[in-house]
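Next comes just one chain, in structure tokens: the form predicted on its own.
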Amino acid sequence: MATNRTLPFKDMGGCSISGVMDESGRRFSGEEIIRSIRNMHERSNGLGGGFAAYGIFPERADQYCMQLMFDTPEAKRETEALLDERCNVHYAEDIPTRPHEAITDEPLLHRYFVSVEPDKSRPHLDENDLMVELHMEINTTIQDAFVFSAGKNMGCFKGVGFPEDIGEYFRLEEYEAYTWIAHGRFPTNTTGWWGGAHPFSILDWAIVHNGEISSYGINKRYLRNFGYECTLQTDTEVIAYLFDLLIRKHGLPLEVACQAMAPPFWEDIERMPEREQAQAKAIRAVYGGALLNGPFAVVVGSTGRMIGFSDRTKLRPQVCARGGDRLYIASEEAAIRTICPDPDVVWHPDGGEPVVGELQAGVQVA
């Protein structure tokens, strides 16, 4: 006689992602993205939430906004000494927050608006290279200090908690941005801690991710060859660094970079026309270390652009919509309709197919 068993349940589709971009450049309050991500409350478990916003510091758009978390006052002092040595610090302040009953054990949260002086001994490095180097140095050499964003005219806000609570804690309704992305975390393999919450960011790239990068070890070792160190104990970190490496450093077009990270299967490549086949094989040969294995759906923010794409078999959900000047990308259609009840069009992109929003020609964001 067969025995009935109830197997332990594990939610393999957890995490929520949402992104909204106004391609006209019109800035809007963070209250909207909070409502969108709140709609998917059950997809996270309170161990991480976060947001990234673009266009929020127009009065300091030419300066890097370094937002850091410190576990100790000593880490803050050591970091500030390094910043004084490497940068011109134009302004510094505590990141504004409000007391919130759901947010506890928060670290010290501070931000610095800085510019980077050229290194005459290394003229081949531009200011972005020097900022990446500084970002990596803080995360790897200063105990209890973590950079959670360091781009221009943008910032990340993240922590341990449900995303709607994190948004209220950071007073995001007081900011205005032309792009917002958000994440609600349901960690399955790594711990929930402030630095491990999404988004993950480098320069102006910010990534929110639903899924699991099973190639994390290979990707991490590949990135180390180019000076990127993964220190935040979450697989999503590699995606942010890969976007910076492939697009900013190597100059790949967006579509080619996405193809490197989520390439067609070999059997599909063999059926391509000769020229496309040659390119696809070259990308897989040159950028094998950048290939992302595992189920994933991501929303990527950068200056003037928002991108959504998923793994080549689309093992994580992603739905897109357009309404007027806005592009919406989310894990669930309901999260879009919460803030855009009647979109012009709704669609589900194919696996590996990037969906791109860009500022309209001539739009100035600062």
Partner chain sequence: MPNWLIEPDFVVERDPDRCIQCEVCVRQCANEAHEFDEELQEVFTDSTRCVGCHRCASLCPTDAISIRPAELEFRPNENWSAQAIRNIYKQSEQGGVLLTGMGNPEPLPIYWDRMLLNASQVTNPSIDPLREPMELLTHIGSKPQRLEFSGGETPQLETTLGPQLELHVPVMFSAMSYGSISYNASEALARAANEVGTYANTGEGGLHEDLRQYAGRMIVQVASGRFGVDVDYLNSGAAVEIKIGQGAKPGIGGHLPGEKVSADISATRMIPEGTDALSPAPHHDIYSIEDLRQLIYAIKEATRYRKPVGVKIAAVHHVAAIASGCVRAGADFVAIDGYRGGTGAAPTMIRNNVGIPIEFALAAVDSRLREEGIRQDAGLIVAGSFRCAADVVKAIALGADACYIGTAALVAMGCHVCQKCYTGRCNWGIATQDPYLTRRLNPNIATRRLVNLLESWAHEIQEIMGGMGINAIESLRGNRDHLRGVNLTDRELNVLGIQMAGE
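Whichever C-alpha set is largest while still superposing within 1.5 Å between the two forms counts as the rigid core. Keep in mind it's a predicted model, so treat the numbers as computed, not measured. Residue numbers count along the first chain shown, from 1.
Below, we turn to the form predicted in complex with its partner chain, even though it does not appear here.
- Checking N88, Q279, T72, T141 for any heavy atom within 4.5 Å of its partner chain in the predicted complex turns up a single hit: Q279.
- For the options R77, R171, R122, K249, the one in contact with its partner chain in the predicted complex, meaning a heavy atom within 4.5 Å, is K249.
- Partner proximity in the predicted complex, defined as non-hydrogen atoms within 4.5 angstroms of its partner chain, places exactly one of 153-161, 171-179, 219-227, 126-134 at the interface: 219-227.
- The closest non-hydrogen atom of S29 lies beyond 4.5 Å of its partner chain in the predicted complex.
- Taking the partner from elsewhere, R312 is found to have a heavy atom lying within 4.5 Å of its partner chain in the predicted complex.
- In the predicted complex, D165 stays away from its partner chain, with no heavy atom inside 4.5 Å.
- Although the partner is absent here, S115 is not a contact residue: none of its heavy atoms lies within 4.5 angstroms of its partner chain in the predicted complex.
- Contact annotation for 280-303: residues with any non-hydrogen atom within 4.5 angstroms of its partner chain in the predicted complex are K281, A282, I283, R284, A285, V286, Y287, G288, L291, N293, G294, P295, listed in sequence order.
- Q277: CA moves 2 Å or more between the shown form and the other one after rigid-core fitting.
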